[in-house]
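Next comes just one chain, in structure tokens: the form predicted on its own.
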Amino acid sequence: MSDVVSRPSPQRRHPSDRVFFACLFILSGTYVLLLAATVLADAFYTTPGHLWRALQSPEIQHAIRLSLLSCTLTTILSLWVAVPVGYLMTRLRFRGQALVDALLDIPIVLPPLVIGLSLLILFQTAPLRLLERVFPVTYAVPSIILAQFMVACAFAVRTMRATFEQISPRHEQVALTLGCTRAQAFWMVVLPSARRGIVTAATLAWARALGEFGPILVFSGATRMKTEVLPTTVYLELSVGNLEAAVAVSLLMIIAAVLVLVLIRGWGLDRSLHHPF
């Protein structure tokens, strides 16, 4: 007598499930439509001519170059700090860890203007005033990178901490039993497993730095052809009543942010598919 393999019957949906999913789609769709509507409003308000004239402006070209430079440096610095901080916070237990964890979240919960004001006050202290005599920071290009770093790094730290929490410490223990040092286990086992998280942290830090405005306005100012980045360009154009140029620059920032998010996340996903853990 042959064995009869029973197949599970398809799960039937309860009529209330449709109502449940319909409510979820309505709530989710409302927010998605609001986001799409804001982007479309910018796109239809401006014209290709406005966008082209904005790109031809020497001030806006300087703002684009400075934004690309500062965001890239901010991302590198954020990863340089976020990777070790995220690793230590997930692998070690020490006194005062809850306090350190709260301090790491301060740039996320504080208003951006407060961060800029705090940096400005910090650089008025005697040691840093002496430093500024040799290496000017306040109201100069380094202040832009520092202001972006203060906020972007906090988001990168959160991302890397969540990444390392998902990587089992057992992999490191196996490497240690095979003769690896702690540093070798980190570089050869943990870091390759965290590459998707690193890509996500870099993406988030870059995009967050691109849109940073409050700390830069307070700590760096908004001087044309000196400390002008794309968010402050929007502010300056609005302050003189040039709404078309402000909208054109805003649309340019939206396009840049979307392209970076799509390309970097797609690259990270593609690399992960070709090199599985």
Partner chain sequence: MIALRKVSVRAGGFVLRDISLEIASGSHTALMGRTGAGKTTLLEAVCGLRPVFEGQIVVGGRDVTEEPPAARGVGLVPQDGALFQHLTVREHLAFALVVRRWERDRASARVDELAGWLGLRPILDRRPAGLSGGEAQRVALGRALAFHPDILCLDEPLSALDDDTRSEICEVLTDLRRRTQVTILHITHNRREAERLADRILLLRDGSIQISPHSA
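The structure displayed is predicted, hence computed values, not measured ones. Positions refer to the first chain, counted from 1.
A second form of this protein, the form predicted together with its partner chain, is not displayed here; the remarks below concern that form.
Residues with any non-hydrogen atom within 4.5 angstroms of its partner chain in the model of the complex fall in just one of 185-193, 84-92, 104-112, 142-150: 185-193. Residue C180 is the only one of V199, C180, L117, L77 with a heavy atom lying within 4.5 Å of its partner chain in the model of the complex. For the residues T72, Q97, Q173, Q166, the 4.5 Å heavy atom test against its partner chain in the model of the complex is passed only by Q173.
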